[in-house]
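What follows is one chain in structure tokens, specifically the form predicted alone.
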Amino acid sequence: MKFKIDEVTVYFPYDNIYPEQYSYMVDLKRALDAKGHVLLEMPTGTGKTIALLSLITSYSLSKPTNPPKLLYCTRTVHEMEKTLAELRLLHNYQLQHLGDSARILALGLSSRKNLCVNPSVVSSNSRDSVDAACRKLTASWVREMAVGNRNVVTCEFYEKYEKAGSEAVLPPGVYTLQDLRTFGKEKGWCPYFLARHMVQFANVVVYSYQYLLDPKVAGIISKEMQRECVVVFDEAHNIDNVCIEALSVSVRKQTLEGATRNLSKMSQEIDRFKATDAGRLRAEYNRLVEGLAQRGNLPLTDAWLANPALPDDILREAVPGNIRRAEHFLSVLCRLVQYLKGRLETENVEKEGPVAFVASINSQIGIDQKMLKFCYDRLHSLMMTLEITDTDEFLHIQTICDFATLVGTYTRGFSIIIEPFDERMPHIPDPVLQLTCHDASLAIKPVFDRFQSVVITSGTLSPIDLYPRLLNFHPVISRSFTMSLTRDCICPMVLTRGSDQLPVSTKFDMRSDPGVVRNYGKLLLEMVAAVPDGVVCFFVSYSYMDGIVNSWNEMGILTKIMEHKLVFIETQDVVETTLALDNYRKACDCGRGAVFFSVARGKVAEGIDFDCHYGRLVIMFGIPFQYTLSRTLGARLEYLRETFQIKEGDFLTFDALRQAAQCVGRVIRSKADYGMMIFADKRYKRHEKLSKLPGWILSHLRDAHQNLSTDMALHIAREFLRKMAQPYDKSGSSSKKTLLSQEDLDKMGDGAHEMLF
């Protein structure tokens, strides 16, 4: 269908549109016109992705002289592929209506591991080893050696790509990762470097959050992007955690031992170069005198991770004199590693700020802040000079330099915490030194400053007013949409007690109470007997899940559950969990029915959809608070209180409730779907907890369903399933349409937005 929002003709590839999709597009269009940032919460299963893509690509088509580019960020490769599939459908529809004038280039960009087609490289196990295997074949000095020596192995795909030169381009179209690999194989070109090259010419780029938020990656991949870009962070409810992880570093004993090995190997390489090619080291020294910016544009294959913190003006400074010589720099790193080893030998927990830590380094080993700040780039320069390709073996020393640069750059928003052991296992010595970032706005600030519009959107952004404070920005529009439904296909319930009227909760003092464990088991047993197909259960942590499943087994509850449905469990092993999910789906497909035990904040809670018969009921056992005794969490809470005036309790509740909402949201993935959600904990009935759930869940939570026992919940579930079995009108009644056709939109005209909401 085709309709107008103000002056923009929107091309939407389906015959009908949901009212909330239309409203979402109107608000998005206003934000793009205002060239501002926007925060939008849209319920799961209401077509958020296609609404975003339709509006932004149509907006670009309406501005042919200066079309904005779309950078669409997803969390997983699976989501990236889904987004590109939707975009292909939309692009084909636009081509039908507009012909060649609608042609665009859209592509997904991922790591070498997901794009490489060279069998000898891609067979490596980890992403780091694939990167290193690629560098061994494509580094500029390896290719120079290969010119004179036929025995030196290079990558045939990269060589053909280089030989093609300016002809190595992607024709217009929408390319998933699989399409890029297929195209690369056909042409004999390297798909990874082709995609990297084409990113600057593409109209739409779909890639991971890290490519914009992690400064080490963004410095290489996204530095060419112009200001006229619309950046979308989809499923962005955890965006503050992604920002914090991008600027946090952990150093353990193994890291320091590995770094020592790296340094001795580099020292041997320097001695070898001194004997055979001293001019190379001298040339590097001269370059560093002029400043880091003078090192020129590196070949694409040599570009390594960019600096984790340095702004461009510092790059123009000369590198401090005492780390310009390679051997002097290595001696500085050796002293730093020895200092960190000494700090790790503490028997008590220590916490200090970056300023005090840098002062301590300076007084004890004579390394000042400026030397620390340049460590990362100085290491990069040295590894290039020494022609090191197996970068995966040098990850330890990279971590140390990453740590040094961050400590030397930032004075606020960070803490250094040294813990001699994990509090949960105090008998096992496992010292760790963590540089933890507390301020999510540090990583995302360059994105807000650099691009004209940033869209942060998800199904669970409640309470929506906390995100601007956490990320320190001012959205021009901040809005939460409800779900227009023809029938009440969502049935949330708050279960506070078992059939024996004993309260249930995962509060620390109650969670191991046999009465609570038994009541949780009875709840699940009653539900699996009444609910058809798939049931998904989320627990607050892996340790709690292990404990309670073990107790259910001893009580004989698990055996009874398995009489009704098969049981599958998420583990911390990705392969095992994937296998369990496949078998869970098979059990649901063949009618046997299954239960899936999962963990809040785990992989399944974040990225797997249990749509249709795969999820008719989801039970959230308890409230998934973070581990409150964690020192890093304590330091972050203190920082949030002092800097943004966010109380500890408010942040912890907000964080736990967004995770709970994310878990239960897995069960409803479209309007034709239906499912029940049980929040099984007496604390959910409190107003300060309940009010933080997304509006689209609260609008279906009746007052009578906010304080239930197991038998009452079972009765409501049976009634709900009976109701869902009845036929219904998908487009809704004439007074409140839930599915709008082209005709409906034309009738409503300009007042459509106001009439709908």
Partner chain sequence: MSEKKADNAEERRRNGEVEEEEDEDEGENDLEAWERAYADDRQLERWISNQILVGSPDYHIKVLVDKLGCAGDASLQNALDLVYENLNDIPSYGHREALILYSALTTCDSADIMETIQKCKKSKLRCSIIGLSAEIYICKHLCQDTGGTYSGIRRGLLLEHAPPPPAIAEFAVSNLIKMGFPQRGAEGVISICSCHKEVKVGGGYTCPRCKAHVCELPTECQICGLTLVSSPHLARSYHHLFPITPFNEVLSALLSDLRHTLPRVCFGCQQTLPIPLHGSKTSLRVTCLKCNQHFCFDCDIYIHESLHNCPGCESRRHPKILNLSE
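Just so it is clear, the model here is predicted, and its values are computed rather than measured. Residue numbers count along the first chain shown, from 1.
Quick note: we don't show the form predicted together with the partner chain, though the next part is all about it.
Peer 1: Please tell me which of 588, 661, 537, 247 lies within 4.5 Å of the partner chain in the predicted complex, judged by heavy atoms.
Peer 2: Exactly one residue meets the criterion: 588.
Peer 1: From the list 714, 701, 708, 721, which entry has a heavy atom within 4.5 Å of the partner chain in the predicted complex?
Peer 2: Result of the distance check: 721.
Peer 1: Among 105 to 113, 172 to 180, 338 to 346, 522 to 530, mark the stretch whose residues have heavy atoms within 4.5 Å of the partner chain in the predicted complex.
Peer 2: Among the listed stretches, the partner-contacting one is 522 to 530.
Peer 1: Does at least one non-hydrogen atom of residue 592 fall within 4.5 angstroms of the partner chain in the predicted complex?
Peer 2: It does: once the partner chain is placed as it appears in the predicted complex, residue 592 has a heavy atom within 4.5 Å of it.
Peer 1: Mark residue 66 yes when one of its heavy atoms lies within 4.5 Å of a heavy atom of the partner chain in the predicted complex, and no otherwise.
Peer 2: Looking in the predicted complex, residue contacts with the partner chain do not include residue 66, since no heavy atom lies within 4.5 Å.
Peer 1: Examine residue 613 and determine whether its closest non-hydrogen atom to the partner chain in the predicted complex is within 4.5 angstroms.
Peer 2: Yes, residue 613 lies within 4.5 Å of the partner chain in the predicted complex.
Peer 1: Should residue 273 be classed as touching the partner chain in the predicted complex when contacts are defined as heavy atoms within 4.5 Å?
Peer 2: Although the partner chain is absent here, residue 273 would stay clear of it in the predicted complex, with no heavy atoms inside 4.5 Å.
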